[in-house]
Structure formats: C-alpha cells, structure tokens
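In structure tokens, one chain follows: the form predicted alone.
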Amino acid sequence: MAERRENTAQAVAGAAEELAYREQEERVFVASQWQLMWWRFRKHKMALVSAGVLGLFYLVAIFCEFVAPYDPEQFFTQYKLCPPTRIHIRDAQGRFQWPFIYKLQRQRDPETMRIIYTEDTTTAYPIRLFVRGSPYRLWGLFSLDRHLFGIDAPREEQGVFLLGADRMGRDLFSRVCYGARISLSIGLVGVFLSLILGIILGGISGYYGGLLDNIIQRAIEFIRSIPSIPLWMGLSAALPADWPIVRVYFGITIILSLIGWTGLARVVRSKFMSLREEDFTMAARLAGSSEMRIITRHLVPSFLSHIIASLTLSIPEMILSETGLSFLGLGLRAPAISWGVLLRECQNLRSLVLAPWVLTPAFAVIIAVLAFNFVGDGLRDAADPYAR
C-alpha cells in the first residue's frame, strides 16, 4: 500500500511538472518579441545590476543640484586638497550613533611642511537628510535650498567632503555630480543623432543600392580611414574659443555624431539588403504599400532590437570621446563641468601626488562605461530571443 501511494505521488508530481512545462512553452509561443527579449534579458544578472547602476547615475545627473551638498564653484579656502571626510557611526566612547563627522583641524607638518588634516573628536556634526544649504535653481526653473544630505554648520566652520576637495577647496563629490549631467547626456544626444544619420543613410544605401550605395559607402570608407583622435582634435579645435558653454556642448555633440554614425549605417545597410527581398517585403509591395511605409513599418522594426543593442554599446564611445577631448583641452572647458574637465586636474602633478582622490572622476567614467557594456551585452543576447 505504501509503495502504491509513493508511485501515485510520483505520477502526480510528474504530471504537474509536465503541465507546467507545457504552459511555459505555450507562454513562449504566444509572447511578443519584446516579452521574449525581456525574459532573456532578466537571465543576464550582470546586465540587470549594470542597468540599476546606470539608473542611479542618471538620477544623480538629473537631480544633481539636489544631490550635491554644495555649489560646484563654492570654495572652502581652509580645506584645500582636503582628503575624503571619514564618516563615523561610533563615538569616542564606542557608542553607536547616527552617522556623523568630526571637525577637521588644519595643521602643517613641521618636517615636510605639508598641510595635514586631523579630527577633533570633541566636536561632532551629525549628517542630516534634506538639509538646508546653498540656494540653487533646479533645472533652471525652481528656486530651492534643500539638499539630499549635509551638516548644520556654516561653510566657514566645517564641510563634508565625501570624495575630498580639489586644490581650490571645491567639493569634489558635488563637481562629479554636476559633471555627470554633461558627460552622460552627451552620450545619449550623440547616439540619438548618430541613430538618425545611420538609419537614414544606411537605409538608403541598402534599400536602393546602385549609385547612391556607392556614394554613401565611399563616404563611409573615407571617414573611417581618417584616424579618430586627430580628426576629433582638428574638428574640436575649429570651434571658436569665445563660444558660450552651451554652444560648445552642442558643437562637441554634433562632431561626435558626425563621426560615430558610420558603423551603424553599415549594419543598417546589410540588414536592408538581406530583408528587401524577403516574402513579407514583397507582400507589402503587392498590397500597395509605399516604400516609406515598407521601410518604417516592416524593415526597421524587424531588426530594431539589434539597433538598440548597437546603440547601447555606442554610448560608452561617446562618453570616452568627450572625456578625452576635454582632458586634452580641446573639448569642453571651464567653467563647464564634465568628467573630462575634472580630469584635467590630474595634469597637475603636484595635485595628483598630494591628493590622489582627484582621480575620482576617472572611476566614475570607468564604472559608467563598464555598466553600458554589460547592458549592451545583455541586450545583444536578448536581441535573438529564439536562440537557446
């Protein structure tokens, strides 16, 4: 009797497992392409983590005035090249408290004459959330003075520097937050312009062929044959030195877009050439659809996932290009704030030796680029949802 019950239980479990498997298969068969992409993308754990990191970066970039505790041009003359502030959760007596910092005292080493900062454990400043600080205009529209965190102390008395201060006494964390807005947005804007140029020119080249194909392909080969760095340097140096920051920003974006569209154009061309003779394209023509409708409603959506993956992998190139140009002094210039502009501080050997934390913007660039690459890998794997 016990053996019969065990066999019955196993049979029921097997039937339930088979039913669940069939339901899963039916769910896959009726799912849309975007659902299949999402299910496959969820299996790429590193891509999910990287997407979360990028989401955090872009939230900081959008609300940088609120996240940054200080104005990026605000000087703390008494804290030049101050190291990152240590945050404590235990006081001198060993008791746990709300996170706080100790007051910093500036001293000079009598032997090396180097300025050092020591903590005064008798004076503590709790770190507050949504604290009032220097006024700012959020997105240039709303006048506010609330910051995400800070301390209740006047600027002349004490400051909190999560990433340290530069040689002029400016909070490096605030400057990195503000720099994220330009460095991360220039990648999106540049890729958007490259997307338009790549799809239009690549689509014309692959769909129509003939003389137009030859002209566009020779232009692509000419642009790709020129070394990238000298080309960037030459085009960036052509920008007038008296241009305002916003105009220089858009000028750099357009320059990067004019160079970065060639790879996507070739991908689009190859896809158009392979799809223009497919049965669904011929059926659309026989049904009386115009060529523009065939391109926009049938051809482009058929490989849209590949375009998305390709664009995601192109954004890091835009970020690195802007960072390199600004670092060399050929891109954005002060008082503009981007990660490349902040890295120009590393050209000062004295600052780099005495304050290695000025390299922090480089780590922000590395994390952002790696995150984009991981997300791009996940999207590329998910672009073919039928692959096993």
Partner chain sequence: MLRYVFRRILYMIPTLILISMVSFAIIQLPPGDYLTSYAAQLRTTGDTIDEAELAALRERYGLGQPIYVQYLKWVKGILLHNDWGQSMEWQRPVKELIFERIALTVVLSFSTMIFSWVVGISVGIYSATHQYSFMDYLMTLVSFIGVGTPGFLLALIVMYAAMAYFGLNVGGLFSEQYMLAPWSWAKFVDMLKHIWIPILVLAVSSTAGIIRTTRANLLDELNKPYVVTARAKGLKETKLVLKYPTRVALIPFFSTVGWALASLVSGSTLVAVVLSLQTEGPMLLRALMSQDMYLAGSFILLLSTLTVIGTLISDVILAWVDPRIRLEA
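Residue numbers count along the first chain shown, from 1. Since this is a predicted model, take the numbers as computed values, not measurements.
Below, we refer to the form predicted together with the partner chain, which is not included among the displayed structures.
Each of L235, V365 and L370 is positioned with at least one heavy atom within 4.5 Å of the partner chain in the predicted complex. Using a 4.5 angstroms limit between non-hydrogen atoms, S338 is distant from the partner chain in the predicted complex.
In the predicted complex, the partner chain sits beyond 4.5 Å of every heavy atom of Q93. When contacts are judged by a 4.5 Å heavy atom cut-off, W243 does not count as touching the partner chain in the predicted complex. Put simply, L59 is far from the partner chain in the predicted complex: not one heavy atom of it is within 4.5 Å. Of the candidates C346, A51, V67, L36, C346 is the one whose heavy atoms come within 4.5 Å of the partner chain in the predicted complex; the others do not. Among P230, P135, P126, P301, the residue placing a heavy atom within 4.5 Å of the partner chain in the predicted complex is P230. Per the 4.5 Å heavy atom criterion, the partner chain in the predicted complex is contacted by stretch 220 to 228, the sole one of 183 to 191, 220 to 228, 102 to 110, 199 to 207. In the predicted complex, just one residue of 255 to 274 lies within 4.5 Å of the partner chain by at least one heavy atom: R266.
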